[in-house]
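Consider the single chain below, provided in structure tokens and representing the form predicted on its own.
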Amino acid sequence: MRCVRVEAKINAKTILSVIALILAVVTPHLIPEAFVYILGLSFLFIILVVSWDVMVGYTGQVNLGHTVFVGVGAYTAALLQAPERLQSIGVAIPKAPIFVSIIFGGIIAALIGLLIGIITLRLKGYYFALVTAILPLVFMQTVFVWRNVFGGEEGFSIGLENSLSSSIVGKYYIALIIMVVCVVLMLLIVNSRIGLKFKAIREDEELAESIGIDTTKYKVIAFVVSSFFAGVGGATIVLYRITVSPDLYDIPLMLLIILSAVIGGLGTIYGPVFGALIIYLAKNWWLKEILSNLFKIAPIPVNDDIILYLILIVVGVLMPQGIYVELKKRCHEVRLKFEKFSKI
């Protein structure tokens, strides 16, 4: 009976995932290109949110500097596509193929994550969170100090010829493929034996140490994995929109990542995917249209950020474990009621 239930759960998730993927494939033919562009960016935002969940949701270590790795991946890919900018500091490298620059963005982010992780992940409690909260501000200063290379406050364009695709629909499908590959890989990692050790650390770090788990080692592994995929996401965003700027290091992006993961449900992968999609589209599409229509009727002193944070408060009070976990509970309750009814 237990095996049948497990298979039913797996099949349900698989069926829903396939349906979602089919909808994603056909959507560009049903909506205007402007919305296709936004939806493509939302797929890349999903990578950022899920990669943050790998660290925070599965090991319980609160990383408030995740945008460091997004920015590092973004600027790495941008400079590999526009290597002439490095000539001002005496560095000459050839231009890299587009997909090579995406991988390099992830690798450089992972190496920096490894260095930072080795130094900081021996800290426990809120100290690690405080240290990581400062990191985006430190890295952002490099953009302003070496503005000839990084473009300063405005950033720089890598040129239309270095885009993921010459068409918006082409970009959309590439973003979709990269998102699916990244999410599947992260799902495999957290469901592996390594992922079980991540969860052990999250549940009780001292107990995990007492049974022989090298907690620092596995926290560093989680941090490197999280950093790699954040770098891949940042690199792909730059190649999608063909510009790079300090907004990929910035605090508002970090807050949006946290908001999406918490609302979706930490430590679930599926929850952050759902949360990221809803929050990104709300921020860049739905809420803007709703508020613009409301302003025509009555000048209400609110903006999209206020509404999003109000949603976070409501979800935090009514569904503290996130929407995904709450939906699972509701479905479980419905199934139990159905089983009781069928026995009658």
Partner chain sequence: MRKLWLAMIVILMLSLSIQTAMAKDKVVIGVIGPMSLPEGQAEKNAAMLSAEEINKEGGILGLPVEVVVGDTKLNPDSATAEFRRLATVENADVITGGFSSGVMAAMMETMAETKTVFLSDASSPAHPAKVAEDYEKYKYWFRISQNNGTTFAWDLADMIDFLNANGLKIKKVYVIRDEHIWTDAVMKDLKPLLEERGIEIVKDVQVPKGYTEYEQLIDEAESLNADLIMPILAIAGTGDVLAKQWGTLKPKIMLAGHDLAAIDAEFFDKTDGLANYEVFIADGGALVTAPPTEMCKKFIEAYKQKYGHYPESHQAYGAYDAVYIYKKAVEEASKAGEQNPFDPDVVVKYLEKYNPENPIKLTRTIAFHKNHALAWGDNYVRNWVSQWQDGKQYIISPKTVANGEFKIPPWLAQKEQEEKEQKTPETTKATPGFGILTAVAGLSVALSLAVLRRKTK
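Positions refer to the first chain, counted from 1. No experiment lies behind these values; they were computed from the predicted model shown.
Although not depicted, the form predicted in complex with its partner chain is the subject of the following passage.
Though its partner chain is absent from this view, in the predicted bound form it lies within 4.5 Å of a heavy atom of just one residue from Ile112, Ile168, Ala82, Ile178, which is Ile168. With the partner omitted from this view, the residue of Leu196, Val91, Val184, Val145 that lies near its partner chain in the predicted bound form is Val145 [heavy atom within 4.5 Å].
The chain is drawn here without its partner chain; in the predicted bound form, the stretch among 186 to 194, 222 to 230, 152 to 160, 73 to 81 whose residues come within 4.5 Å of it by any heavy atom is 152 to 160. In the predicted bound form, its partner chain stays beyond 4.5 Å of every heavy atom belonging to Tyr58. Although the partner is absent from this view, Thr243 contacts its partner chain in the predicted bound form, with a non-hydrogen atom inside 4.5 angstroms. Although the partner is absent here, Glu205 is not a contact residue: none of its heavy atoms lies within 4.5 angstroms of its partner chain in the predicted bound form.
Contact annotation for Val25: none of its heavy atoms lies within 4.5 Å of its partner chain in the predicted bound form.
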